[in-house]
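Here you get one chain, nothing else, as structure tokens; it is the form predicted alone.
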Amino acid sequence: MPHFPNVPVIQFEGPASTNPFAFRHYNASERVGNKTMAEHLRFAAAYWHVMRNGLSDPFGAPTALMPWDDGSDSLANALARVPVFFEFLEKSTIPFYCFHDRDIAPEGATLAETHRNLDKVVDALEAQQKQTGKKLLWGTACLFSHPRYSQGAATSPSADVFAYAASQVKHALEATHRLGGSGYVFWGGREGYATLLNTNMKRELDHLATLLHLAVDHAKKIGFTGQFLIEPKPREPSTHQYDSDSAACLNFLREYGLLEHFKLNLETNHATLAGHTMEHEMEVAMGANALGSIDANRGDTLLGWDTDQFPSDLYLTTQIMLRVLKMGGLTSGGLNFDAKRRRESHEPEDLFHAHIGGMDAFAFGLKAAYRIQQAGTLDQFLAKRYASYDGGIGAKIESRATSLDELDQYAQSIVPPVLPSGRQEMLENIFNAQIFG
């Protein structure tokens, strides 16, 4: 018996379609350059939003209608959600998914029972993957919602809490490995502080690095070869979170000898909260060859918290896909819809409308980005703007083959430089013209 009886398998019908259950731009088999759209975009659904988000907010109770869910935190209810989720994946045609351990399986009376619950749900997920061909993009451990993690997990002042978190990571990593996940994510959650009056920051950062090294060691032990990822987030719920943005995460990874093992999983909404654009965060990560995966959502610039809205801004999706194309595409990562419906969009069918819109927005962005890349106008302008570094004194500067004495002599020997225009408005016009073909 279908759980979404009013929803067909979503098909591509083209831009002229008026069917709310159809793609207008996302055509999985259409080739853009040397890859299909499905290969470029690698869409993933977030288990926590699709199956577990009741659409509550700080001022109101949950509104989501989930007739398949009995409202309990029982193992039986957790197992009942699994086929519903895979029906959603099949009808939406989304090939990948992501999960936190506590999204899919409940806590037990003891830690051992908690781990047994996870194993039983992983059995069900594995069976559904074999039946449907759907794949796990990445898994992670929920180290932030339970009261024991109210003062951090790896950065908790309690060694017992650290051990509890490590146990959870061990089993979540093993579950991810068993399900063939392409990666494993660490999301800071509450790894930060509310006040420095009660915080030994250096000690907490040392402990966080220790947990990451332990995870790397355990991955080698069990044969997990997927990509480890860190997801930056500047605040909420902590006043300051240690993984605040791309630059902070990269600095942390370098300091603790972890950069060879980790890449970044970037989220648009988190970039907004950090006071950056998503393009900025991607460029910083790409500069270190450390962009691994993307949480595809958007925030609200008028609200200072994590709204996790579905991506619908075509300029944003084009900017993102320009950089994905620039780095040669996503490999083990993908575009995970870490996005939730608005509280008013509470019917099961709204899950599909939301994901259809996000998939179409990114498909549009991919095609526009490819046009911009193929035209080459922006790349040519950029190359010309920095051409003075391609030879002469500029090449010596870039290779660090000069000195202040030499540069002083050179500067005194030339006519004072006059800069050409940066042509920002012209470039914006070119970008706009290419977006709409």
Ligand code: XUL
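Start at 1 and count along the sequence shown; that's the residue number. As the structure is a prediction and not an experimental result, all values here were calculated from the model.
FYI, the form predicted together with the ligand isn't displayed, but the following is about it.
- Shown alone here, Trp48 lies within 4.5 Å of the ligand in the model of the complex, counting heavy atoms only.
- Among heavy atoms of Ser293, none comes within 4.5 Å of the ligand in the model of the complex.
- Taking non-hydrogen atoms only, Phe144 approaches the ligand to within 4.5 angstroms in the model of the complex.
- Contact check for Tyr97: every heavy atom lies farther than 4.5 Å from the ligand in the model of the complex.
- Listed stretches are 154-162, 227-235, 277-285, 198-206; the contact stretch with the ligand in the model of the complex is 227-235, by a heavy atom cutoff of 4.5 Å.
- Although the partner is absent from the chain shown here, none of Phe21, Gln309 and Asp350 has a heavy atom within 4.5 Å of the ligand in the model of the complex.
- Residue-level contacts in the model of the complex: of Asp360, Asp245, Asp101, Asp338, one residue has a heavy atom within 4.5 Å of the ligand, and it is Asp338.
- Screening Trp187, Phe252, Tyr149, Phe364 for any heavy atom within 4.5 Å of the ligand in the model of the complex leaves a single hit, Trp187.
- Looking at 118-146, the residues that come within 4.5 Å of the ligand in the model of the complex, counting any heavy atom, are Trp138, Thr140, Phe144.
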